[in-house]
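As a starting point, one isolated chain is supplied in structure tokens, in the form predicted alone.
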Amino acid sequence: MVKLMVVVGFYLLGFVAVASGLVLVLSRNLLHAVLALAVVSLAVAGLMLGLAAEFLALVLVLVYVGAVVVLGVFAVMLTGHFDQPTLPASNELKALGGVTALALTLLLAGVALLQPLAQQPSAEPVSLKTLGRLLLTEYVLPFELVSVLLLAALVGAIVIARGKED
């Protein structure tokens, strides 16, 4: 019974991720596209939790949903596209995009089906507690430098989006 629930949950999260991805790509409303990105990220994080990759799921939620989506919403609101949410339709390269997507899908499917899976030695899983301790002790300097870099990028994006005052 539990195995059936895991399989159903996997397919349900996969369907949500693919459907939200289609909304993300096909939406002409920028705000809807950013919100669809949040749903895709949460669904993929759920899939990672099902695969026992808790750290990757946590990082995905923190970085993409907690930072990129919030920054995207701010960018949409600051650039003035929030008042005019629809973008003009551009169908000039739709056929080329479709052919390219089909070719890449066939290429990836061919590689996945023809390559034998390598036997990886099972590594000892690292807990989130250990990773957190390492991040805040041994790797604290790179962690803080990345946070300062992200803050500078956010301030720069706000300055560029505001433009010059008259």
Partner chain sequence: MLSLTHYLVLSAVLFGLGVFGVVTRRNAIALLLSIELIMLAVALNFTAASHFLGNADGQIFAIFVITIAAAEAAVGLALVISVYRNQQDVDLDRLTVLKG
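What we label the rigid core is the largest C-alpha set whose atoms superpose within 1.5 Å from one form to the other. All of these numbers come straight from a predicted model, not from anything done at the bench. Residue numbers count along the first chain shown, from 1.
Omitted here: the form predicted together with its partner chain. The next part is about that form.
- Residue contact with its partner chain in the predicted complex: Gly97 places a heavy atom within 4.5 Å of it.
- For the partner-free chain shown, Leu134, Leu135, Tyr139, Pro142, Phe143, Val146, Leu149, Leu150, Ala153, Ala157, Ile160, Ala161, Arg162 of 134 to 162 come within 4.5 angstroms of its partner chain in the predicted complex, judged by any non-hydrogen atom.
- Core-superposed comparison between the shown form and the other one: the CA of Thr100 stays below a 2 Å shift.
- In this overlay on the rigid core, Leu136 has a C-alpha that sits 2 Å or more away from its partner position between the shown form and the other one.
- Fitting the two forms on the rigid core leaves the C-alpha of Ala52 displaced by under 2 angstroms between the shown form and the other one.
- In the predicted complex, the CA atoms of Val65 and Val148 sit farther apart than in the displayed form, by at least 3 angstroms.
- Compared with the form shown here, the Cα atoms of Leu51 and Leu134 move at least 3 Å closer together in the predicted complex.
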